[in-house]
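In C-alpha cells, the next block holds one chain alone, the form predicted on its own.
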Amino acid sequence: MADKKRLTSSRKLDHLRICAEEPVESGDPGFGDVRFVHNALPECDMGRISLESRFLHHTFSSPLFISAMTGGHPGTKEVNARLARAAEMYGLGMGVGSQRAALEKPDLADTFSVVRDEAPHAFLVGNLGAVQLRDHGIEWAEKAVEMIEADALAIHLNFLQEAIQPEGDHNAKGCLEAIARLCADFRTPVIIKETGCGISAATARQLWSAGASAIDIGGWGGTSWAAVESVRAKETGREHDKGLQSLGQDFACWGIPTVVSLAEVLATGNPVIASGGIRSGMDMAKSLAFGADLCGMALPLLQPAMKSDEALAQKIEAIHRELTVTMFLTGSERVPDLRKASVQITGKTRQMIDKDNPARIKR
C-alpha cells in the first residue's frame, strides 16, 4: 500500500512535467469551424465592456476558469500557489488536481490547501475521481472539500487514461450510482468533469438525473491524457510498457470534439463549463456564445505558472484582452450578450451538429 501511495504522488509530478515539456495535445476541438459574424456597428464602448459572469450562484470577474492541473507532490505546491494568487487577483474560479494522493498520504495535503491560503476569497473546486468516490464514499468527498475549504467538488471521469495506465483502475462499474448517492447527500455542489474525451448528450442526461449541479465537458482537442500516459510508458524503458506506449498513441484520437460536446450537453441542461482545447479569448467567446457559463483552461496557463507570477498575469491579461475585443466586435457589452451574437458553423463540426441531430445547438 505504501508503494502505491508513493506511486500516486510521483505520478502527479510526472504529469506536470510531461504536460509542460512534451507535445501532448491531440485533435481538433472544432473552434476553427466557428466564426462570429462581424458587427460593423457594434454600438458599445469597449472600455465599458464587462466580463462579469455567474456560475452556481457565485459572481466572477471573468468567465475564465483555471482548470484542474496539479497537486499531490511537494514539487507541485508552488505552481498551485501561483495559480491561486492569480485566481484571487483576477476574481477567477479555480480547480485543483486530483486530491487522491493527499487523501492517501495526508502529509501532502499542503500542496492543495495552499490554494485557499493564497486565494481566501476565490471560488475553489476540489477534485476526486469517480472510482475513488465509489470505493471510499462520501467520507473522502468531505475530506477533499475540507482540505481546501472548497466551494464545489468536481468528480472527474478519466477512464481512457485509466485504461492506458499500467496502474490504472479498470473497473468502472458502480460509478454512476456513487455519483447519485453523493449528490443526494452532499451539501456542496457537485460538478462532473471529463478529462479530455468529452461528454455526450446521453451521458449528460444520466448525470443531470443523478443530481449533478454542473457539468465540465472536458472535450477532445486539447491535452490528451492518452498521449501523456504514452510518454510515461516510453520513459520507463520497460519492455512490457511498450504496448502501453503504442496504445496511448492509438487512442489519442478518441473522444468527442469540444464544440460538439458543448452543443450536446447544453441541449440537455446547464450550468456548463466548456473546456478542452480552449486556447484563446476568442475560443472562450465562441464557447460563451453557445451558452457555456465558464471556460476552463489548463495547459495554456501551465507554462507561465511554472515560470513566475508575472508571466502568468501577462497570459491571463492577454486572454482577457482578446475576449474583450471579440465582445466589442460582436456588440456584446456583457458576457450573456454573446449568446445573441450571430455565429456561423461550418466543416466537420457543422456535419456533426446537423438539423437531424436531436442534440443540435440550443440557442
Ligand SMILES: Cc1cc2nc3c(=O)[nH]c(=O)nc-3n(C[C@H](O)[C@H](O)[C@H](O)COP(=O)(O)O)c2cc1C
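One rule holds for the numbers: they count along the sequence shown, beginning at 1. Just so it is clear, the structure is predicted and the values come from calculations on it, not from any experiment.
The next section is about a form of this same protein that is not shown, the form predicted in complex with the named molecule.
Partner proximity in the predicted bound form, defined as non-hydrogen atoms within 4.5 angstroms of the named molecule, places exactly one of 39 to 47, 310 to 318, 330 to 338, 293 to 301 at the interface: 293 to 301. Interface residue remark: E194 is counted as part of the site for the named molecule in the predicted bound form, having a heavy atom within 4.5 Å. Using a 4.5 angstroms threshold between heavy atoms, R279 counts as touching the named molecule in the predicted bound form. Taking the partner from elsewhere, S98 is found to have a heavy atom lying within 4.5 Å of the named molecule in the predicted bound form. Although the partner is absent here, G93 sits far enough away that none of its heavy atoms falls within 4.5 Å of the named molecule in the predicted bound form.
Shown without its partner, this chain lists A305, L64, A68, L323 as candidates; in the predicted bound form, only A68 has a non-hydrogen atom within 4.5 angstroms of the named molecule. No member of the trio S113, R116 and K143 reaches the named molecule in the predicted bound form with any non-hydrogen atom inside 4.5 Å.
Contact annotation for 110 to 131: a single residue, N127, has a non-hydrogen atom within 4.5 angstroms of the named molecule in the predicted bound form.
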